[in-house]
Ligand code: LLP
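Shown below, as structure tokens, is a lone chain in the form predicted on its own; questions about how it binds or moves come after it.
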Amino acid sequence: MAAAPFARFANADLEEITSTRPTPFYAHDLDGMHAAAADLVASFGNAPHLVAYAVKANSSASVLRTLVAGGAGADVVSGAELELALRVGIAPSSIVFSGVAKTDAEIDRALGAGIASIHVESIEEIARVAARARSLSVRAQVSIRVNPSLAKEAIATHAHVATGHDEAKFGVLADDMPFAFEALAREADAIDAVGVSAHVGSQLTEVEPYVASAAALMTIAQEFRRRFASTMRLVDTGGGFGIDYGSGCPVTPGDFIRAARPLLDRAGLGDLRHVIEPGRCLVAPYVVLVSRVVQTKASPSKPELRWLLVDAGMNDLLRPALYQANHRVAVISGGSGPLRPWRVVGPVCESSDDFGLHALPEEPPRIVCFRDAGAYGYTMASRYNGRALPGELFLRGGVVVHEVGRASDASWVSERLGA
């Protein structure tokens, strides 16, 4: 598929913006994110709910504030993410804390803040949370993350982001839930058992795996309510809603809610707060990574071998190397003539620093962007090879409202000299 000209993004002129800034940088469409959050919240209608945005997808404060304005709370997986969520003004009652290896300090911070739920992911963690609650003289609000034990082949996503099968490190196996119930009962002096959660995987482009996970969760949730009716407040069906990275995505985030919501009602759980944990779908389509073309490379003896060398690398956008993800490359400026396949690669000294084959003009462009880069882009960036972290700019109403400049190479040298 040809990469269409992409000079305008979020009602702004990317070529003009790039003319005064070093590349690479991430450009964020805050208006698009706000609308996406508001639309997903609206899909619940009048049902009690919490759209707990997965902060790990994109942790920029400007993004968090925008999504909160659209009605979202937060799903965090570390103490730092929790602190960030609190500091940007997310109410503790709208925060859930997941993660398989929370430290005592992280648990203490969550207990002190009084968040909606600490999602424990093992039977052993229940006793740890209870002990910390006793030491602080508070009651812990605890949900159990259930591993729904789906077959790997039933989770239609990349193996690295499939979380709902028995071999995954996440959650308590469905068959082990009776033991988890017993552990909660033993710690009742320190714990309020508030709910159950599940998350089957990420980048789901069909609702069936999500519904299968939710259906398995409902049976467990009914038993949970029978045992802990006085404290149960929520059922969390997780996130993982996919987006169209260029090869199509026939479902919308709202489709997942409309498919899962009736399961709660039929299970007699419709009065409970329905929590979801979307990340990618609220941010990925609304960010591009802008990059300059450094040069081309071609083989005189094998003309089919052609490379477009750009100044963005796998340290800036790791997903292609980590997940074999394909991000569409679009032309911002330059380029002419018929489209030809170019292998787009970055400067990092790794063979995996390869963004794949893309149809681009015969006369190569000067500036390009990688589309749909808002999730697991900057948050996974590193300074590998001594490369600076990319810049970030945030657009609202077609203008830049906030900007974090690209770090300098000199700062990395100074940092390493001091190590």
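This structure is a prediction, so every number in the text was calculated from the model and none was measured. Don't overthink the numbering: it's just position in the shown sequence, from 1.
What comes next is about the form predicted together with the named molecule, which is not displayed.
**Request:** Note which of 195, 240, 313, 148 lies within 4.5 Å of the named molecule in the predicted complex, where distance is taken over heavy atoms; exactly one does.
**Result:** Selected option: 240.
**Message:** By the heavy atom within 4.5 Å rule, which residue out of 328, 319, 274, 132 makes contact with the named molecule in the predicted complex?
**Reply:** Result of the distance check: 319.
**Message:** Looking at 100-108, 171-179, 197-205, 335-343, which stretch has residues with any non-hydrogen atom within 4.5 Å of the named molecule in the predicted complex?
**Reply:** Of the stretches listed, the one contacting the partner is 197-205.
**Message:** in the predicted complex, is there a heavy atom of the named molecule that lies within 4.5 Å of any heavy atom of residue 376, even though the partner is absent here?
**Reply:** Yes - in the predicted complex, heavy atoms of residue 376 and the named molecule come within 4.5 Å of each other.
**Asked** Is the gap between residue 56 and the named molecule in the predicted complex 4.5 Å or less for some heavy atom pair?
**Response** Within the cut-off, so yes.
**Asked** With the cut-off set at 4.5 Å between non-hydrogen atoms, does residue 323 touch the named molecule in the predicted complex?
**Response** Yes, residue 323 lies within 4.5 Å of the named molecule in the predicted complex.
**Prompt:** For residue 380, is any heavy atom within 4.5 Å of the named molecule in the predicted complex, or not?
**Reply:** Yes.
**Prompt:** Taking heavy atoms and a 4.5 Å limit, what residues of 258-284 are near the named molecule in the predicted complex?
**Reply:** Heavy-atom contacts within 4.5 Å come from 277, 278, 279, 280.
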